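Here's a solo chain for you in structure tokens, the form predicted alone.
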Amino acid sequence: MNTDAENKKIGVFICHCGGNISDYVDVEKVRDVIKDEKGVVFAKTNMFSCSDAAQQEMIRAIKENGLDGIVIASCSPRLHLQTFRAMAERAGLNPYRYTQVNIREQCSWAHTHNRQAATEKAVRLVRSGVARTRLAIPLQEIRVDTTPGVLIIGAGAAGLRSAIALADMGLKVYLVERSPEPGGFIKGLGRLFPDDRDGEEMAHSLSKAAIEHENITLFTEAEVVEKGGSVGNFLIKVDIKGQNPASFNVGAIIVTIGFSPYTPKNGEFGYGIKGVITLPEYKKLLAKQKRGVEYAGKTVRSIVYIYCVGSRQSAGDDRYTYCSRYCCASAVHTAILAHKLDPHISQFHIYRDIRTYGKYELLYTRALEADSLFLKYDPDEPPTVEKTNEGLLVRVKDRLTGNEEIEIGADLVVLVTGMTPGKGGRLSGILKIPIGKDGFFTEIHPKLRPVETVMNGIFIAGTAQGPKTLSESVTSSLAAAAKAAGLLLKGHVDIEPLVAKADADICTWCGACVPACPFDAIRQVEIKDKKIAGINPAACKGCGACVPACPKRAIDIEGYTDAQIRSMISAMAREAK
């Protein structure tokens, strides 16, 4: 391949995205302009560049035209960066001589009102991609040896199941739990959907298997307080209540810190009135009942469930706008259990929308057969709960009967509360993994990389990343275990080479780059009696924060060098000159 920028042969592929782009951008015009750009020897539009057929066409074009670099103008790199890198490799092209230009989210979707301006912007964006590619050089992934050990933070069902799976593969597992005992949220909740298995029994069974496993070390009443190193070799420090801190090395980390059940504010749907309790409180109450349902020494004859408490809220101090997924099915299943204890008990479900999706739809049918009555409320007119001389009184306008106002006397009101994020703020700072607007840890890609974080070697699972049912939590924990094992069992990991690099001839070590780095990747090193900035490529994320901090301009980012960035700016601003 040619490495001379002046003589490089570049191919450009512009995607219609099935109309997502071409409805608002004249992609044929973009191609006609770009095909005359310096260095461009091939330009083509595709209906879907990510399709197998289009990728095969691109591979043929790379080979037949002897292309030194390619530009693909399509959707966000978050979706198909890896897809097109793999395609470039199959064509024999170094994958880091490929540039993806986002003309969907950053152009067509942003300018649906002005096709001409969107087209002009697309031309500039693609032109800047060509400029960057012209200066691209082949890069090789960085190989790092790995330590065969995993840290799992959180010993609930997800953490325990993940630990057992990894330990069974022969990996050393350190399991860190803040509470005095492992087991997590399911303890004490009684029988759980969909198979009526007892939560306490499951927690005990998983905890026993983990404690007795020779490859698992469990720390309770413990917290991770420090993390050093990088993927393949993290150095971890754990504070343990009443003991000396523990330090150890691991190759990967899985975060399964779980969630906190929503606690209603005093007065919210009557919370605080005797007889108004949350679903977790009710499940614990029910777990102790042998026959019938009793509360505060009295037999319960009527129960009202109010759904979406702490979920799908668009106003107020706490904005939990998401659906918590598990609560509808859990409430319906709990009503079935109550009916088994006392078939004569009256149960009313007041909901916004029932979401017992998938196989759990059968639970809804079973609840109907168990004489549960369902009423639908308008979120703008939620039900009210008040205390009367006769007990609790719930008022609701039922949308299913044309907003008829209905009053229900109840012995017990159960608020079907949702999930709120666990306490991950401090952990986020230690591990350098991001938290989303909803307060949960965020993955790289919800569909294609659902348990990976932006930090290599650190994974998230269970309800640490969002509301899930128990089975979904365990499924994601096993996915994280598989990713961690895949990383560690082969003994090494290959990392993207798009990282910072200090020029030893220019750097005079002033240390200004150290506080600029959010990933602790820079240390002072000494080479031939000269002190310079040493950058750990395994820890560096290529964010570029260190580049402007350097007064000597000694630091560059591989793949996004100063020269490449300047050439992109010049290309975009060409008409402005």
Partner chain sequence: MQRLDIKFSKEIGSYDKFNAAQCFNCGTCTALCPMGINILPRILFRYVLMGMKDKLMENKDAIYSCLLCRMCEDNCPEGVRIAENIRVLRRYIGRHVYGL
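Treat the numbers as computed from the prediction; the structure is a model and nothing was measured. Residue numbers count along the first chain shown, from 1.
FYI, the form predicted together with the partner chain isn't displayed, but the following is about it.
Taking the partner from the other structure, the partner chain in the model of the complex has a heavy atom within 4.5 Å of a heavy atom of E369.
The closest non-hydrogen atom of L393 lies within 4.5 Å of the partner chain in the model of the complex. Using a 4.5 angstroms limit between non-hydrogen atoms, Y271 is distant from the partner chain in the model of the complex. At a distance threshold of 4.5 angstroms between non-hydrogen atoms, F348 is in contact with the partner chain in the model of the complex. By the 4.5 Å heavy atom rule, the three marked residues R178, I186 and L218 all fail to count as contacting the partner chain in the model of the complex. Of the candidate stretches 109-117, 370-378, 472-480, 207-215, only 370-378 has residues with heavy atoms within 4.5 Å of the partner chain in the model of the complex. Exactly one listed residue, out of L400, V225, A296, A86, brings a non-hydrogen atom to within 4.5 Å of the partner chain in the model of the complex: L400. Scanning P264, G409, P497, P261 against the partner chain in the model of the complex with a 4.5 Å heavy atom cut-off leaves one residue, G409.
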